[in-house]
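The form predicted on its own is given below as one chain in structure tokens.
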Amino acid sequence: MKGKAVVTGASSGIGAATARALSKDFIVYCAARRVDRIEALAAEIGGVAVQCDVTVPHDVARLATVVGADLDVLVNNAGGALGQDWLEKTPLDDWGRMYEINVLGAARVTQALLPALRA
């Protein structure tokens, strides 16, 4: 019986590649904002698509509900690189958004899924 893995940011790039690699040994829950992409990926690898914006607590709670009581692997891959211009030209809102996704999003998903990981 295969274990379960969650990959956030699974809609492209490293997240999609990680989901494909994990699908050999796990049922992969492909989580991302772009539902059309994760549905295609989940169909390709025999996984489960879960639309989830890691900055939205309700989305993260729904992800935890869909995953259920047990989980073997969590890959917090969702993220973005904003505010890459020179400091004097970068709106600090870009940095705030990046922090919300890259740091708080990862923490939010980990907190929600930690009971399942511990199980």
Ligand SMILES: NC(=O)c1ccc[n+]([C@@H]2O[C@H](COP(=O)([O-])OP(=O)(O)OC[C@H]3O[C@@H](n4cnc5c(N)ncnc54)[C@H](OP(=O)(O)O)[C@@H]3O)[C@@H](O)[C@H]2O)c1
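Please read these numbers as outputs of a predicted model, since none were measured by experiment. Residue indices: 1-based, along the sequence shown.
What comes next is about the form predicted in complex with the named molecule, which is not displayed.
Q: May I ask you to choose, among Asp53, Glu39, Asp72, Asp94, the residue with a heavy atom within 4.5 Å of the named molecule in the model of the complex?
A: Spelling it out, the residue with a heavy atom inside the cut-off is Asp53.
Q: Ok, Gly68, Gly80, Gly46, Pro57: which has a heavy atom sitting within 4.5 Å of the named molecule in the model of the complex?
A: Among Gly68, Gly80, Gly46, Pro57, a heavy atom within 4.5 Å of the named molecule in the model of the complex occurs only for Gly80.
Q: With the partner left out here, check for me: in the model of the complex, does some heavy atom of Ala32 sit within 4.5 Å of the named molecule?
A: Taking the distances in the model of the complex, the answer for Ala32 is yes, it comes within 4.5 Å of the named molecule.
Q: If we define contact as a non-hydrogen atom of the residue within 4.5 angstroms of the partner, is Val103 a contact of the named molecule in the model of the complex?
A: No, Val103 is distant from the partner.
Q: Quick one: does Ile14 come within 4.5 Å of the named molecule in the model of the complex, counting heavy atoms only?
A: Close contact exists here: in the model of the complex, Ile14 approaches the named molecule to within 4.5 Å, heavy atoms only.
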